[in-house]
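Single chain ahead, written as structure tokens, the form predicted alone.
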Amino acid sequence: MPDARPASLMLRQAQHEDYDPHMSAEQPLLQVEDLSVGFATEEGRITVVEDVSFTVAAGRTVGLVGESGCGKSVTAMSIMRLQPSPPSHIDGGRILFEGTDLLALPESAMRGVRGDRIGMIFQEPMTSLNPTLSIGFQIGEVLRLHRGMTGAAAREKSIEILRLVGVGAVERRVDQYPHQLSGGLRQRVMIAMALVCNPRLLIADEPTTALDVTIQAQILELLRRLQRELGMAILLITHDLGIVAEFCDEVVVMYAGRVVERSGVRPLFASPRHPYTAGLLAAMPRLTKRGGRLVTIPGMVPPPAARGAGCSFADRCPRVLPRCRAERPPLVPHAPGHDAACWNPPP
């Protein structure tokens, strides 16, 4: 039977020696299993991310959602093993990528994964790009490390990827420095660096936070198009459920370092099974009538040292029970493919 994969996808996959074309499409590309991350502080060791589990299948987009302080970025940085240690430390769990536990790899092998098979777009390009080097040099650095390309070949490939991500006048832009570019162009440069080696997985950490709405839409549409063309999976870290609704296939909701709900996007939006998720959905501005008051969730995410023994959302929850403060609810199925951690879920 002829191989129906797109030619661009076949070429990208052939670049990875360990790619198995007969691997089941149902087998997750990324499996995060019971990941716990702790930090050493002056007050002692605290757990920031606790027992986090989710999967990302090939070609799919998973949104990792929650307020600031919920552990989304720590989870993403831990997948890439970019959390500084000390003070951080992996306290437990596994991170399987293409069947290999990234946490068990020596650092030399992990450097071969970062930027090659897994690409990452960071939150703020001005702090992620080197202000003293041209953007062409910085993209070429990725190619030198992972593809052994130098000189004219690296420059030509850098121009090609910049053109692919929609940067105009690339022959001039490739020699410019980050401060000479707009925020939208800097973000496109970050995307180009993340994709230049055709990764199987792209981790995008709040990729549109600092951009205006029009540029946000352009960047998201660019990622959607590149995903179709390259066949890669995307893990999108965001606090914006509107973006999740438009862009993702599945969603993982985090609160205070734990996964509180996990589902396909449509079931979650239609029937959230955790009060925190319901509160996030109710707070979306587009669901508020013109002239009406915006819905808010009272209180703040508790700091890691003050999460208590029960549900960390209890102090902010309109459906709290005495049991919620005393006993942590497990993450269990509430419907096929829809898990939540709540003793008193919304009706």
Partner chain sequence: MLRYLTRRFAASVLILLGVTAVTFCLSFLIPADPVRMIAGRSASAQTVESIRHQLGLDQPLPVQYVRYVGRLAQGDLGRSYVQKTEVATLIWSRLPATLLLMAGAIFFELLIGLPAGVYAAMRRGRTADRGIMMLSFAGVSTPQFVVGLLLLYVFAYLLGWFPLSGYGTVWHLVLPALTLGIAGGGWYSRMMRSSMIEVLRQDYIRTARAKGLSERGMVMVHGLRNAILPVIAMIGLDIGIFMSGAVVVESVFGWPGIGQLAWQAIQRIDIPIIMGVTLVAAIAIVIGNLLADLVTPLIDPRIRLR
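Positions refer to the first chain, counted from 1. Here the structure is a predicted model, which is why all the values come from computation and not from measurement.
Although not depicted, the form predicted in complex with its partner chain is the subject of the following passage.
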Sole residue of L133, A169, A104, A217 within 4.5 Å of its partner chain in the predicted complex, by heavy atom: L133
Proximity to its partner chain in the predicted complex, single hit among L230, M80, I90, V265 (heavy atom within 4.5 Å): M80
is_contact(I95, its partner chain) in the predicted complex, heavy atom dist at most 4.5 Å: no
Non-hydrogen atom contact F247 with its partner chain in the predicted complex at 4.5 angstroms: no
R147 within 4.5 Å of its partner chain in the predicted complex, heavy atoms: no
E206 within 4.5 Å of its partner chain in the predicted complex, heavy atoms: no
V259, F313 and P322 all contacting its partner chain in the predicted complex, non-hydrogen atom within 4.5 Å: no
Which of 174 to 182, 233 to 241, 150 to 158, 271 to 279 sits within 4.5 Å of its partner chain in the predicted complex, heavy atom basis: 174 to 182
Partner contacts in the predicted complex for 191 to 217 (non-hydrogen atom within 4.5 angstroms of its partner chain): M193
